[in-house]
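Below you will find one chain, with nothing else, as structure tokens; this is the form predicted alone, and questions on how it binds or moves follow later.
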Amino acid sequence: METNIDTNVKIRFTRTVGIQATEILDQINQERDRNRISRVNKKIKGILISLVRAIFLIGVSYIILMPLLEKLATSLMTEADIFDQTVRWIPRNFTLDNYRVTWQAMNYPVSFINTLILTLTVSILQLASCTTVAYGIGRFKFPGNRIIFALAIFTLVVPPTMIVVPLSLNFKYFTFFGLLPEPGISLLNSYWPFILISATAVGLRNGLFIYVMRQFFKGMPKDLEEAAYVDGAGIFKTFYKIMLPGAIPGLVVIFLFSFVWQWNDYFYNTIFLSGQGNFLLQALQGAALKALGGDHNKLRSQYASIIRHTGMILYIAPLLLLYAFMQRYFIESIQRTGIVG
């Protein structure tokens, strides 16, 4: 038979357990509320970050695409559409005749082939020379290693205008280190200046290419080379059999950068070709004048502006096609080589 003391103990125990259970439930509910608030905050933060990212990308895309879309729209207009205040993007009198006239004025097939041959030649030579130099600097230790690398980087900060006269005189009176009799031979208005500076890794922005490939080779494990040496491979065989296949992402980046920069190059083309030669850059500059029949008085007309816009579309069209086909490989290579920003 239970006593009053046992009954009181049971009542106190039940009350204590109830209070503790209530506190535990309150803690569970509070933790659940905190988790819910945290999830909501994270979701809101994610939405805000996505919104800011979208606004930034839209702004950058607008800055990049606006001139291109404007030139594309103008190239499809007639002269009457230019004077029509109600026409902004969509032409009222759609025409492709501007492309026909500009195509003929630029002699596009011949200019395109010449430019493509020069650009491919320069890009391949720069790829080979810069990769070789970068491998030597990145994988071998020798006196002057760091000095050579520093000089390669220093070429990136030298203003191009400082080397205009030396470059021009060097190739106008080319003596090949004094082996040819004075005054030498002139290599201007030919491919030779492009070939020589590209084959010796001192061409357009080659310091950047050397830096990228040097960092890439420097990050590759030494075990690969050591295993090749153990198997009896020499330095050159190890380079093109072992190291180059592993450096394909870097090679893709270098080739595409070299191709695009050479295609758009105006500095070296002006120095070495002196505005001569049937290339797209020179053809673009004279397209409007040819389309107007050589009448200089009409160069400021709206029709001349239409021809220039159309010529720009034809000039950059090969680069747009190249990017459309190579963008996947380009982005993958950028990610693997670590070039960001």
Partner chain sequence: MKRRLTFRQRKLVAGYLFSLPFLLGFTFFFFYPFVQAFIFSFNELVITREGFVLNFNGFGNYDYIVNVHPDFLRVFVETILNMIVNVPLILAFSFLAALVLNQKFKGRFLARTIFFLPVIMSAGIIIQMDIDDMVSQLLHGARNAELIFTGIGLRNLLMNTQLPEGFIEFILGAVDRIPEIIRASGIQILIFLAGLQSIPPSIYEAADVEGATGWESFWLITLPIMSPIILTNAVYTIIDSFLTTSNDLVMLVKDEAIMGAGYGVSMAMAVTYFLMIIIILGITIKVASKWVFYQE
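Numbering follows the first chain given and starts at 1. All values derive from a computational prediction rather than experimental measurement.
Absent from the display: the form predicted in complex with the partner chain. The rest refers to it.
**Q** Going by a heavy atom distance of 4.5 Å, is L68 a contact of the partner chain in the predicted bound form?
**A** Residue-level check for L68: yes, a contact with the partner chain.
**Q** F236 near the partner chain in the predicted bound form, any heavy atom under 4.5 Å?
**A** Within the cut-off, so yes.
**Q** Would you please decide whether L51 lies within 4.5 angstroms of the partner chain in the predicted bound form, comparing each non-hydrogen atom pair?
**A** Although the partner chain is absent here, L51 would stay clear of it in the predicted bound form, with no heavy atoms inside 4.5 Å.
**Q** Using heavy atoms and a 4.5 Å limit, would one call F255 a contact residue for the partner chain in the predicted bound form?
**A** Residue-level check for F255: no, no contact with the partner chain.
**Q** Scan N93, T161, S186, Q104 and let me know which has any heavy atom within 4.5 Å of the partner chain in the predicted bound form.
**A** Of the listed residues, the single hit is T161.
**Q** Within 4.5 Å of the partner chain in the predicted bound form, heavy atoms considered, which of I64, I28, I37, I47?
**A** By the 4.5 Å heavy-atom cutoff, the listed residue in contact is I64.
**Q** So, a 4.5 angstroms cut-off on heavy atom distances: do all three of I113, Y191 and F325 pass it with respect to the partner chain in the predicted bound form?
**A** Not a single residue of the candidate spot has a heavy atom within 4.5 Å of the partner chain in the predicted bound form.
**Q** Does anything in 129 to 151 come within 4.5 Å of the partner chain in the predicted bound form by heavy atoms, and if so which residues, in order?
**A** Those in contact are T132, V133, Y135, G136, I137, F140, K141, F142, P143, I148, L151.
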